[in-house]
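Both blocks below hold the same protein chain, though in two forms, and each is given as structure tokens: structure 1 and structure 2.
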Structure 1
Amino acid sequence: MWRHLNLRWIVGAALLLLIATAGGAVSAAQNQVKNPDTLIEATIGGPETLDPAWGYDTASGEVIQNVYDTLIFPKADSASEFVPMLSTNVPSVADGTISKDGLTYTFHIRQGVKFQNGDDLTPFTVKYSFERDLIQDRAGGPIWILLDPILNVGTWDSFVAGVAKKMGVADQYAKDLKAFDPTKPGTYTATMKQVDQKAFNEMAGHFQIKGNDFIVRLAKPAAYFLSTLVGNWGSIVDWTWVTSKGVGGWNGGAATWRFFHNPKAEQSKLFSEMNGTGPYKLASWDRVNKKVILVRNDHYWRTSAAVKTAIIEGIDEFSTRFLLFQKGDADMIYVPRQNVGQVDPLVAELCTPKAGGPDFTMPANRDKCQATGNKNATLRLFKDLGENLNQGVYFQYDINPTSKYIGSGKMDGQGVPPEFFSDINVRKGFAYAFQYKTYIQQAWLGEAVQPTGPIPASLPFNNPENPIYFYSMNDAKAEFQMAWGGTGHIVAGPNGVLDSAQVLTEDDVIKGDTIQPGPDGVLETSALGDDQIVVDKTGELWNKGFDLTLLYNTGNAQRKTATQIFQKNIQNLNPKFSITIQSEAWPQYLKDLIAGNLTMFVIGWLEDFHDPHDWVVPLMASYGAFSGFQGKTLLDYAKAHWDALINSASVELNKAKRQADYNKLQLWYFEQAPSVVTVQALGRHYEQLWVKGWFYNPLYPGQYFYNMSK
């Protein structure tokens, strides 16, 4: 028996020892600066690529912004002003660097700048960088942003096809292109070669080098051109390095670009290597641990960055990020909205913008920060940061008749007809049935604002006076009664003025002539109007009812809540109304979106460049990323009414006229209600107290470590 005892004793003792020493090894020394030479950011996800012309996600953009420089850069505390960077000037009409017709932009290229491998920055490599952007134009990539102002096309392929058409070989070209296989040079036919070279030369004609100047000639006077240059696609790469043997990238020639066009992520030669002029160099991209390690560029053309190393780590689990943060092992982390309550007791300094609403920039000064008085707190929190991100619920006007989500597919109470949402009263009924304030208060914990239409408040040419929908069960009811064959009219209330509809909610309490919040503590009403919709005849929809499935893509709590609010309120309107909520993983959601199966989709738009053009295009144009998926009825409507106005607004150089155009578009969007624009989120930024110099600029894709010290 002693042997058993022996074994037991050994195991027991080993365990004890392990536990005891492990416990003893933990000694938290909190207040001194941890890892003073390293800035560590723990966030979610990771870059898809390191190629500036390929990346179209914020994680890639963040790395690229720290390693590459652009011609111009966002001004520290502004989203719509720029400062010189690799160009010594920000082009303007005043000094003649933008021509009067708004077509020609001149950049004076900075001299004496070196790439991280020692090569010189030249106007030639600037020109090469832009040409490389345009010819690479990968499917689903960001290059449309540059193609639109410079060549006035949507894709590089369509530009080349246009050239082929002009040459009269469109058919032959299309045929050859279909048979073309980049791995077999033999399939590159003479016709293709001719067309490709002609197209390339035509494109290259838009860029010009004059001495030390780089001149861009636009195809249309796009007023927003400068704002497109600060994205990662505006980065300047080094021709000598890209074409070197080690990298093997495109040599800049007209004859070879075809083989570097539309690469997959891994086929792009700059996929995992970087050589920019920026403040940090890439040390390693550890794709197993989702970690990008950057080290300071000691030969930076400005003063070198303050901190030697910067690490961006992708940790998907919030709990793990929070633990690192608590131990001081991360300097800043991403905190999802629902988890802020866990972190807040650790906040020692709270920085909020000026009272009375969101701030869309956060200057570098610390005047606005106040001590919270929390004990043992070690963090600083910036609140109410206006993100250029709108959440909305987009209706599908022509649901695929084979969709599983429309029940019987008929107006018989057991489903909805595919054209359900092409009825404007249905869309408005949904818009009125949404509890905007409850949604902001509860799902967003109060940190969001209701947008005034497709263009958020943080953008130029936003119209703050644009009407918005508000929660009103009466209006929702009237709209649903008028839908599908009902009729009605609006009458003014006792004051004889038509202003807005009367609002009565289930929760709010009317006392005298003011409305006070009900038991849920949230005031739903936005205006106390006294207009009334008088319904003369209820439509088929109201009489028969409907059954509909709303879908959101899994993993987004706020989007789920939005659909649940619709469900709760609309089912309360009429016992014959039935809404089912269903979640789908992104792949299935994407498939259903593309196939038109979704009855509506809940989605957010994050701007690519800071101009209303980047908002009206995705939300309103017939080729938009969102409106393009809302059904043929809306597509036709947009083609007939909106596309021309969107285009003319984008090339309007007169600010007042431009404003008028955008006001018109915003009001039009309200009247048609193709979507319910729910919130513009206000962000938060948490950091350790020892981090210095951080400020908010909504144009940064992530952290710009050059500003920070420790």
Structure 2
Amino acid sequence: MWRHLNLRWIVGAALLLLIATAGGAVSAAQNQVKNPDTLIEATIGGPETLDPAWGYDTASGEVIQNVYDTLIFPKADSASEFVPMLSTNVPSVADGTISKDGLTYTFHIRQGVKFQNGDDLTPFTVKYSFERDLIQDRAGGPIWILLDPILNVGTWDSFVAGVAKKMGVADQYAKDLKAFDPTKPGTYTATMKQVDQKAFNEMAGHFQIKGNDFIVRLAKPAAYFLSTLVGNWGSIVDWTWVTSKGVGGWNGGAATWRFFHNPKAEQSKLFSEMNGTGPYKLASWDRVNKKVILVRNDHYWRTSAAVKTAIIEGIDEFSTRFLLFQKGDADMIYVPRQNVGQVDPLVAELCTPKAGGPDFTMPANRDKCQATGNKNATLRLFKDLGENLNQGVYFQYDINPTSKYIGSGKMDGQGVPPEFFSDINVRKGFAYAFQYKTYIQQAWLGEAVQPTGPIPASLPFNNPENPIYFYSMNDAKAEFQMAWGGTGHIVAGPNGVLDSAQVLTEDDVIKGDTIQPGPDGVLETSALGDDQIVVDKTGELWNKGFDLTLLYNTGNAQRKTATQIFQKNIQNLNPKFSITIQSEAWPQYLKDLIAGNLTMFVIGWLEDFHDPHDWVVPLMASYGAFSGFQGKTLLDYAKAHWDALINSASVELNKAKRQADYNKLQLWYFEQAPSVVTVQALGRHYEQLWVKGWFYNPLYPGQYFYNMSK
């Protein structure tokens, strides 16, 4: 998830050694429990929304996960096994709650559960929650995860457009939609109303209530469907409350859904209000000071949480967070990787992975925690957590022409044109100019690996032999020289063998000892091995130069380092190349990302569900969460080349065929370089020794306070 968007690879300022050494002993050294009825987490940033159907960042997901419940939930020690929550069963073929064709799932809805305002949970509230998810489907949001298996589409808009096409009114519908203004009821035409009614009825037909059961009928087999239900988008909301006069949300009708579709964050009726069935209730959300206070739901349907109050406080400066930690005024904090040297001397207990590699879950009752012998130490460290997270660099193919980060907006040496990164040689030039090994050592202290593509090594169907980009200033120079009108050819390297099998895509051709572009006019120069690019004529980019700004979100040291590597290496290639580095607070960074203002963005993707489909879609599909923000040029390419294979791979039951499909997608991703994954990190978690019950699960967007006590 880019709930996954604000992925907490956050940062701090660096005046720490002074704090770590001054005074010596820690004020919490006696290990006396502070604030025994309150858990305090000091991190950075804050939620973007409290609406389960809107949020797709970890800061939002963390709050939502503690206030709302889902039908099923990840098993404590697994990313692929689940336990019942608001459903009393986890559907299976064995007990008949999954049909033999893999299309029908039956959930037995738990009785006697109440929302925090006293309303009853019913199968109808479950049905309404899923329908609300699908019709709201905001741009760049999480609802593709449900739309994909349930309706076999990537977006609600494409589903409705498909219904219009089946009705024979596609052209009129498209024309009316273009003129539609939700603030002007007169623009809601008869054709749109007919299409909307038909689309809603067809969607609603995938859900059924039978007694106390909620039944879902999928449009295609999806073995991963259960895992799509555990994220915040699977939260069950209270229909009575949402549609009440005070909240004013969608009433559940076909005639009104259009006016609740694709809202901005603040336009969502659940933006700042919450009413769930979960273990905690929202007490307050201070958006200015980035502070969320949750209080225990004493009428929770399970045993009440052990701790009365949970506080999530966004504190961007690490020195401030660290001081709170030293004094015992924070129970857990995020520690940027470059600051672990200041914190580790205060670790009294180190919990390390099982033999054989990193843990992808780490229960708190494990027996692998050892005393460190550090004097006056009061902290516990869980280390080498196997995070299903890739950080990457994403190129914006069609930058907003009004962006202030592209200078003149022209290829004149004073800026870049909006379509700057649409040139494949530019993207590859950046990819070769990045020092991957140096980045891992400097920004991650070696606690990361370079992935081989969009699918992490920890997932099935990863291809460990997929080619990867490597740091090569010669290759970077050649790519930049061929960009924007340059010409060149590839010749065999020192071994005299032209690695055409690695280089050729479907339309490139071999002529003599050179490879020349096919009908698409693009010479695919990836995976050259020791072959060489010979530039016959330098292009406009190399001759005129460029000037652009790269941004990172404030406080994120790793992302700052990544932009600095690009700046240093690319500027060294040509004195006409100029890159400015600038930081932005996370909310503004996100707004610029959504608006297409960023030239490229450095961000991480944390999985929503444990399947390769959740990786190729966000990074490659025309409806992907990240690819969706990279411009129409990429989306058109993805729709023409990748979408069909992504879809077929997701439903392929033959493992060998599915592996072949994903191998092709991973190679294709490398050859086109729409983005470049830089690291798959290993995680750390620091907490006070008095904290009990914490465990790690990669599907959690943040802390799940229900399990914890002091």
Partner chain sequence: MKFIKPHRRTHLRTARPKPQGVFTSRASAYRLRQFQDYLARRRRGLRWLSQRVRRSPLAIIGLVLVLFFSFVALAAPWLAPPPSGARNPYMIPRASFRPYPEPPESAAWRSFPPDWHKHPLGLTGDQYDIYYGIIWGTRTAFRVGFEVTFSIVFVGVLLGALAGFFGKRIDNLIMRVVDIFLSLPALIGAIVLVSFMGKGLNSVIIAFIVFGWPFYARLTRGEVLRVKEVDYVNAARASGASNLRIIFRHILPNAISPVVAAATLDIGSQMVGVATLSFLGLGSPEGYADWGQLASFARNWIVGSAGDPTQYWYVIAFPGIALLLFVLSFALLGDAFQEILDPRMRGEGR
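Because the structure is predicted, anything quoted here is derived from the model rather than measured. Whichever C-alpha set is largest while still superposing within 1.5 Å between the two forms counts as the rigid core. Reference numbering: structure 1, starting with residue 1.
Between the two isolated copies of the chain, the form predicted together with the partner chain corresponds to structure 1. Relative to the larger rigid part, the smaller one is rotated between structures 1 and 2 by 28°, as taken from C-alpha superpositions.
Relative to the superposed core, Ala476 has its Cα moved 13.1 Å between structures 1 and 2. A C-alpha shift of 3.4 Å is found for Ala649 between structures 1 and 2, based on superposition of the rigid core.
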